[in-house]
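The chain that follows stands alone, in the form predicted on its own, written as structure tokens.
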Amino acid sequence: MDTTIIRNKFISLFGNTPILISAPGRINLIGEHTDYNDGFVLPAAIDKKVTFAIASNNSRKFRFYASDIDQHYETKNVQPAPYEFQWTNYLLGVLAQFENEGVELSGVDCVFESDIPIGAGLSSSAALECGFAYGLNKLLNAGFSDYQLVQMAQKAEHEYAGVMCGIMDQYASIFGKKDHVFQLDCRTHEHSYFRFEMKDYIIALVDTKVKHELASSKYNQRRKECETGVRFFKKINPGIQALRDVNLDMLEQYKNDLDPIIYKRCNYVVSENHRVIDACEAIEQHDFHRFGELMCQSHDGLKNQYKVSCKELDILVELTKSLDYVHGARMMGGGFGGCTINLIDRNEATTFQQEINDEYFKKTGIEPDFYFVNPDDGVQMMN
């Protein structure tokens, strides 16, 4: 993204010289619905970003301009904005966290624009929160650590956007590293980087262009089903705090004592945690064939055991099975719509887009969107 344009836009609007920040969206290669079970995920920041120009204005006003949608918002109070300015709540929520930590806010101007697709499950909201938090931290010399910024950005989403997200999205936006994925332990919040050699491969995201209404209600239901499983195993072993602490042998031992649906949900989560660990080993061994197999197993589990897929996601995954240049495919995110994530040969990207577009349209009457991404650095200052 050309930073000169956003810098000049800021100067023309506010007559001040800003600092420039970029913050990426994220993907999750494997490890779905494991986060709220204290498990493991394998995300990466991507080369699609929100770019910010930020400066203090010493007027106790907070003035925002969303360049993409040509929308201005100004306020003197760090309170949630009206519905038509919903995007401002990600920024106001961050300001509120700084205030809560005792940072004096004398007024801030911010212009931003994004090339992260909205609604595709690439965490444009986390990028907005993290980039703004990182910029404020620099601008105000507040001295917060990167991990504190992650927590503040997550809290902003909880309190101002009303989305009780886990920590993965904000964590990836700040801690991402170019040409790497990282395993995040959702219990300890410790992470380990793995070099993801993308010279011969590229990650293709295919957007179904659908989002079924089931998403939020089924998400809450799955959390409750997992909690039911934890309560069962806690009676057997009081040390069990989450499905993270249950292993496959234990599941099989007590299979007949569990409600069949609860067994399936637990089996998926426990298996998915193992798949994340196996996927990291495959990366270390440069075994992308094995990595792709694990992605496919993940989708099968999400479809058949966790029941959070949908017809459109399943069609997209099924279409890849006859394509030898696709090494793995699965749904990504909460489910019931959104994107599939595919690991494909880099030189087949155009062919992949043509073949999948044509076949998906034949089966659904919908033209999907395609995004080709690479692992990239987390939030950073720009020249």
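Rigid core here is just the name for the largest C-alpha set that superposes within 1.5 Å across the two forms. Being a predicted model, the structure only gives us computed values, none of them experimental. Numbering starts at 1 and follows the sequence shown.
What follows is about the form predicted in complex with a small molecule, which we do not show.
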Checked 262, 140, 167, 81 for heavy atoms within 4.5 Å of the small molecule in the model of the complex; positive is 167
Per contact check vs the small molecule in the model of the complex (non-hydrogen atom within 4.5 angstroms), the hit among 101-109, 293-301, 167-175, 191-199 is 167-175
Would residue 73 count as touching the small molecule in the model of the complex under a 4.5 Å heavy atom rule? no
Could you confirm whether residue 49 comes within 4.5 Å of the small molecule in the model of the complex, counting heavy atoms only? no
Would you classify residue 36 as touching the small molecule in the model of the complex, given a 4.5 Å non-hydrogen atom cut-off? yes
Any non-hydrogen atom of residue 85 within 4.5 angstroms of the small molecule in the model of the complex: no
Rigid core fitted, is the C-alpha displacement of residue 205 between this form and the one not shown 2 Å or more? no
Core-aligned, does residue 336 move its Cα 2 Å or more between this form and the one not shown? yes
Tell me, please, whether between this form and the one not shown the C-alpha of residue 306 is shifted by 2 Å or more, with the rigid core used for superposition. yes
